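Here we start with a single chain on its own, the form predicted on its own, put down as C-alpha cells.
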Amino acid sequence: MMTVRVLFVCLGNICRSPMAEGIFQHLVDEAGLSDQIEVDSAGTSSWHVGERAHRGTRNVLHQHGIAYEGRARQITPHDFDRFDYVLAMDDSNLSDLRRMLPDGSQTVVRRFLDFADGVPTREVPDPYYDGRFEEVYKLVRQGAEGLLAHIRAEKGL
C-alpha cells in the first residue's frame, strides 16, 4: 500500500503549519486514510525548535475539536526525500523551500492555499502578531479540504 507524505511549512512552526498539520490530520482520520497519508509540519527557521504550538493555535484547534501535541522542528534536506508534498504557508517560505530543493527532486513544492478553491488569497497570514487565529483556521480548513480532495483524486484514495 502506498503512503502519501505531506509536510506543511511556515517560518517558526508554531502557528500556521502546526494548525495545518492538525486540521489535515483530523480530515485524514475522518476519511479513514490515516494508514495511507502521513502528516507533519516544520519551520524554515530554528527559532522555536522543540516548543509547543502557539497558545492561539492550540486554542483554536481545541475549539474545533482537534487535538494537537506536536513540537516545532526545522525542515531538513532529508525532508525533500521523505515527503511527496512540501507545502508553504506563504510566498517567502515558498521561496526558501525552492532554494533548498535538491536538483532532480520529485517532491511537489507549492503554496498550501493553491489547493483552496474560492479563497481570495494564496498566502496564509501569520497570526503571531495580530492574533487572528480563527480567521487563519478558516483559510487553513479550506486549504486542507482542497488538498485532501486533490490527493484522493490524484492517488485514487
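Not measured: the values here are computed from a predicted model. Numbering starts at 1 and runs along the sequence shown.
The same protein has a further form, the form predicted in complex with a small molecule, not shown here; the description that follows concerns it.
For the candidate set Arg111, Arg58, His26, His48, a heavy atom within 4.5 Å of the small molecule in the predicted complex is found for exactly one residue, namely His48. Contact with the small molecule, judged by heavy atoms within 4.5 Å in the predicted complex, is confined among 126-134, 94-102, 28-36, 63-71 to 126-134. Residue contact with the small molecule in the predicted complex: Cys10 places a heavy atom within 4.5 Å of it. The shortest heavy atom separation between Ile14 and the small molecule in the predicted complex is within 4.5 Å.
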